[in-house]
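Just the one chain here, laid out as C-alpha cells, in the form predicted on its own.
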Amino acid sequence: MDTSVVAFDSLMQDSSGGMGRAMATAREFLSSTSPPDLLAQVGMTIEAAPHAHFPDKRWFQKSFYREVTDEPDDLMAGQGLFYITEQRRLFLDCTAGHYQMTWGYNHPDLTALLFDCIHRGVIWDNHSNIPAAPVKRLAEKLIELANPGADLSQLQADESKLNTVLLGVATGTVACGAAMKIMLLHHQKVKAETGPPVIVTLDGNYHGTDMLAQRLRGMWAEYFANLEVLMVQPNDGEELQRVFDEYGERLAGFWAEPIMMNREAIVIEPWYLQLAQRLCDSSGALMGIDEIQTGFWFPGVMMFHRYGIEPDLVMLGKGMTAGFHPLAALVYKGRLDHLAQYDAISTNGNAALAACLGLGCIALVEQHTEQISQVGSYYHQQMAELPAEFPELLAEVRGSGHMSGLKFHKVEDALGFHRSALQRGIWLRVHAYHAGHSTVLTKFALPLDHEVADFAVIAFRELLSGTPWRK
C-alpha cells in the first residue's frame, strides 16, 4: 500500500484499503458491463464489488440527513448513466447527477481530454488577471454560440450585440448575481429619476442561492430597501402586459428560465418571451434569460435561440463543464459592460482546466446534435403517452427533451411514485415542497439512447400500474 500522506487510503484513514478496492471494483464492473446487462441489473446488489465501511453523515447539517449514521448508502462509483452505491446497489441516474453532469459520469472522451490537458501543462486554476489560453478560447466560443453565423470581426464593435463574456465566476449563483448587479447599475445610470428599480420575475423562479437571488423568489424581503420585486405567472401575457403598463420606466429588468425546473418543469412559451422582449424594449428594461438549467442540454447549446429573441444578458452554468469543476458564465451586450473588475468574481472563476472541459463539452454537443435532438424528442414523446394511460394519477407531462417531468394530481402520489422508483433502483427528483407541487422530474444526461429511454418509460409504466405506494 502507498504510504504517502496524499495517498487515497491515507486520506480516508482506511488502513485496510477497503474503500479504495470497493470503488475500483465497482468502477471496473460499470466499465466492463454492457449497457443492456447493466439495465437488467438496475436495483440489484452487485456482488462483484466487495463490501466496505464508508464514512457516515454525522457531521453534516441537519437538513442534509445528519441522522444517517448507520450503513450509509451514498454514491460509490459512477460510469455513464449508472452508479453503484456504498451498499453496492446499481442505480440508473435519470437526473444527470444534480442536473449538471451533461455527459454522465466519467465520460471517456472528457476524461481523456482532462489527462491530455494536464500532460500539456494546462494548470488547474490561476489568477483571474492572467487567464490561460483555454479561458480566452472558451469566451470566444460562447460569443460564437450566442451569435450563430455572425462575423466576429465586426461583432466586437457593435455594443447592441451579445459580445461580452464574464467567465470569472464559478457558479450559476454568482453569474446571476452579476447580471442582477448590471440591471441595478443600468437603472441607476439611465433611470434613477424614475424611482426605485423594479425587477419582474416568474413565480417559481430559481436564479441562485445568495440573498439577492433569493429575494427574486420572495425571500428576505424585510432586509431589502429601494428594490421592488414583482412575481408574475409564467405564460400569462395579460398579467405581464398590465405590470409593464403600470410600472413602465421604473422597470429595471425581466427574468425568465426557458424551462422552470424549480416549478415542476413548466416550459415558457415562445410567444410569451417574444412579448416580454417587446415590453422590455419599449420600457428600457433589460431582459435576462437564465440558462443555468437549459444551457448545454439542447442543440445549439443556448436554448434562447429557439424563442426568436435576443436577450440583454444570458446566464450559463451547471452543465458547462459536465460536472468536472464549477465554472459559469455571463454573456451580455457590450453597452452594459460597466462593472468594475472585482464587482462580480469568484476566486476560482477563469479556471483553465475547467475551461478546457467546457470546450470539450461543447464539442460533444456539436458532434452529437442530431442524436441529442432525436433521442430527446423520442423520450419526451414516450413520456407524453403516460397521462392518457393513467388519467387518475397523472395530469400532464412537463418539460422538453431530456428534461421531462410527470405532473401528478396529488402530492402523495408523486411522493409515493418517487419512493417506489428509488426502491426499483431509478434515481429521480420530486417537487413536492411547495403547495401545489406534485411533479417527478428527470433530466437525463446526453448519452441517453433509445434503449435506456424505453427502459425508463417501461419502468415508470410498471410503477404506475402497480401503484404500490397506495397499498
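Owing to the predicted nature of the structure, the values given are computational and were not obtained by experimental measurement. So that there is no doubt, residue numbering starts at 1 and follows the sequence shown.
Form predicted together with a small molecule: not shown, discussed below.
- Among heavy atoms of residue 207, some come within 4.5 Å of the small molecule in the predicted complex.
- The shortest heavy atom separation between residue 322 and the small molecule in the predicted complex exceeds 4.5 Å.
- For residue 201, no non-hydrogen atom is located within 4.5 Å of the small molecule in the predicted complex, even though that partner is not displayed.
- The small molecule is not drawn, but in the predicted complex it has no heavy atom within 4.5 Å of residue 295.
- With the partner left out here, the small molecule still marks one of 273-281, 287-295, 119-127, 226-234 in the predicted complex; by a 4.5 Å heavy atom cut-off that stretch is 287-295.
- Distance criterion of 4.5 Å from any heavy atom to the small molecule in the predicted complex singles out 318 from the list 398, 107, 318, 187.
- With the partner omitted from this view, the residue of 257, 264, 312, 93 that lies near the small molecule in the predicted complex is 257 [heavy atom within 4.5 Å].
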